[in-house]
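Heads up, the chain below is alone and in the form predicted alone; it's given as structure tokens.
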């Protein structure tokens, strides 16, 4: 009975993830009359959007569910797959329900995508969101606050509500609750990874990109309760690993299942970073907009899209390995992802200095064949278990 409950929740979440035409978003708009604003990875201030009565909608590509035809005509062959599928969905009408898109500063490809989007869809709102790389409150903080105020004015001019301190505080509380449940699921998976398979965690997290935040929190809580109550899942002798490099373009679901079948318990990852970009609760007291700004400056996770001194790259990864009691690292990056692949040598050096085993491979969101990766990950897991017991 409990197992079917888990299955039902996961099936619902997976259906939401694979709904490229965003029917749940269309239903929400028909029900509320509100605006829906899409965003690309990795982070946007969703609290601000919700405070304006807007549904934030995360776009993470089409995976293997869409044949890319027109999208390939807009980009060179040596860039990642995510913008191609985004363009394809825009051109085939899948994203017509969105009133605009936010393009966070990730890389040159996303910058170019923002300009291309404005040319292809001039009636839609489009904003390239520059996130500060100077974390001084008088410099980066003032810059970021100006960005937030600009977005709020732009969206209010298009029919959204103007944010108030009260509506911002209410939105912050809702997302604090959501982040707390997400953190609890990550803690549970690290402690008992057999209870929370990574591919299941991934789909229930990703469902939150199209659901209102309260509905997503309810889904996560229900999944956590069902997983805890399920006594049919038993521990296996698998290697505990941290998977890193997938912060923007997301790995295919089949790849995650392959890694687990190959003998790896993924006890930490960097999937869907918008859900965990802010490490802890955003303060509610005081100026809520300033609290959002300061949380980004002072309490954001490490990421290739966020500046860190060269000597510090990989330090946070080592800390995660130690905190999760992981036995190795899987560097899993999309092909042609400049931020991930440029940081990887420094991160590898950091884990090697601590004697942490690692291996690496690349993917694209529409990858469908995983035999080589399965053999590589299986050999890696076997070597960890062999040498750790020697």
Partner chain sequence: MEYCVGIDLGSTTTKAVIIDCQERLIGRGITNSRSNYDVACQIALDEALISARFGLIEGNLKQGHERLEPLERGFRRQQYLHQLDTLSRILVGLAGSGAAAGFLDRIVDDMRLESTALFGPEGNRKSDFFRDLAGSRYLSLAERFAREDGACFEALAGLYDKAILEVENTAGAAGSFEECLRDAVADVPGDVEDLRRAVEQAVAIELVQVGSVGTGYGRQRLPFPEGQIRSEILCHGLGAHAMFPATRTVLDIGGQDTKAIQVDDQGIVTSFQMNDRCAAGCGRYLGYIADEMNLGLHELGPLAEQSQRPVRINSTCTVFAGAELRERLSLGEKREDILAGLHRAIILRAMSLLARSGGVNDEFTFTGGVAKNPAAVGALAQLVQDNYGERTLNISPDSIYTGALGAALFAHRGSRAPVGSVE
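Positions refer to the first chain, counted from 1. Predicted model, so just to flag it, every value in this text is computed and none were measured.
FYI, the form predicted in complex with its partner chain isn't displayed, but the following is about it.
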Among 64, 70 and 374, does every residue place a heavy atom within 4.5 Å of its partner chain in the predicted complex? yes
Please pick, from 75, 186, 175, 194, the one residue with any non-hydrogen atom lying within 4.5 angstroms of its partner chain in the predicted complex. 75
Could you tell me which of 213-221, 75-83, 270-278, 158-166 sits within 4.5 Å of its partner chain in the predicted complex, going by non-hydrogen atoms? 75-83
Give a yes or no for residue 380: in the predicted complex, does one of its heavy atoms lie within 4.5 Å of a heavy atom belonging to its partner chain? no
Just checking whether residue 369 would be counted as a contact of its partner chain in the predicted complex - the rule being heavy atoms within 4.5 angstroms. yes
